[in-house]
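Below: one protein chain in two forms, given as structure tokens, structure 1 then structure 2.
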Structure 1
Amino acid sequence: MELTFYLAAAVAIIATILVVTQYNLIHALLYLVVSFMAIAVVFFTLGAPFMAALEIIIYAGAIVVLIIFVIMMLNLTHEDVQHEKEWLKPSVWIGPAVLSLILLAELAYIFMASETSAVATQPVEAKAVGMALFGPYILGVELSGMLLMAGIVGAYHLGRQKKKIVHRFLERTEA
């Protein structure tokens, strides 16, 4: 279990560095999903399976879907669609695929290993997480929700302004 923890932590660090260093948003998003899954494995090895499930459902699921929604809202042009077709090459998805396979092998090892974790852990109930989030940390939860909403509104506004500028430019060139 200790080896699994360190391997998952290494995958999380590598994937997170690749998120920051990627120029392409979709590539960064793929590495972000791998990073979230690696962090979920870390939580699982520390004896917090509920937190691991929350990590996958909330971050790897909802946040990534939100980012994809914002990308779709920005109205990609035909040139952008051509660039997307180039992303289907193996050189693009091989990195996230290798890191994901490492995590899958770790997960299989965890389920096949019969020994328990060396760290004495207690399971965290869903009620305790809810009471903590909507108790002393309610301000942080509400602020993060407002920050996500501001990001969506800002992305919509920027996408809409870009469309207006292109439309005005096309009107001037036709006249």
Structure 2
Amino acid sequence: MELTFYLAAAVAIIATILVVTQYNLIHALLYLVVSFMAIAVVFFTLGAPFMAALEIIIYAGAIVVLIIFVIMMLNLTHEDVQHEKEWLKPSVWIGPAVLSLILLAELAYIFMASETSAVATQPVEAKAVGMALFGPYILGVELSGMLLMAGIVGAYHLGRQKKKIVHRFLERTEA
């Protein structure tokens, strides 16, 4: 199990780096999907199969599809890829690279200093997740429900169209 974990983790890291460095947006999103799938495998090896399934259904299956949907509408051409290449000069990378190196060093220090146990293998079943969500974390569930409701109402408002009757003589817009 440990080997699968490290393999999946390596795939996740490589895929995520490729997400950032790709010039073609759709290719970058494809690597993002691979990254989500790798993270799902990580969850699976850590004993959280329910989380693994949700990771794929929601993130890889729904959210990235929606992002791709938007990007397909943008009609990207080779010129855009060229623009992207011009914008992403090597010097752009210096700032983020230094900052994340600091974080990486800190992370390494924390791992060295504290005694972390080996990979925990206490499987968390779907029932346990449900009990936790609707027990101690009920407030979070309700708040995210409200947030989603606000999102839906907002989307409805933005997408609402006035009914238009198209006819040579009867053309008018109804409120």
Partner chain sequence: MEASAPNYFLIVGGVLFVMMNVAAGLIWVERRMLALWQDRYGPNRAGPFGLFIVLADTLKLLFKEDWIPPFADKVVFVLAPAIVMVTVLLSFVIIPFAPGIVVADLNIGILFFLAMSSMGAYSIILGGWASNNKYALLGAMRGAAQMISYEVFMGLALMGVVLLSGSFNIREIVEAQRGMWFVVPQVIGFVIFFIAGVAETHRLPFDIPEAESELIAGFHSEYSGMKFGIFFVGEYLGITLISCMVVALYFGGWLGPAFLPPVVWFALKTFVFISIFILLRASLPRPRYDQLMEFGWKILLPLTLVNLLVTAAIVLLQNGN
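As the structure is a computational prediction, the values presented were derived from the model and not from experiment. What we label the rigid core is the largest C-alpha set whose atoms superpose within 1.5 Å from one form to the other. Reference numbering: structure 1, starting with residue 1.
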Which number, 1 or 2, marks the form predicted alone? 1
Aligning on the rigid core, do we see the C-alpha of Val19 shift 2 angstroms or more between structure 1 and structure 2? no
Large Cα move at Leu107 between structure 1 and structure 2, threshold 2 Å, rigid core: yes
Superposing on the rigid core, I want to see if Ile58 changes position between structure 1 and structure 2 - specifically a Cα shift of 2 Å or more. no
Once the rigid core is matched, what's the CA displacement of Ala128 between structure 1 and structure 2 in angstrom? 5.5
Any chance you could measure the C-alpha shift of Leu143 between structure 1 and structure 2 with the core superposed, in Å? 9.4
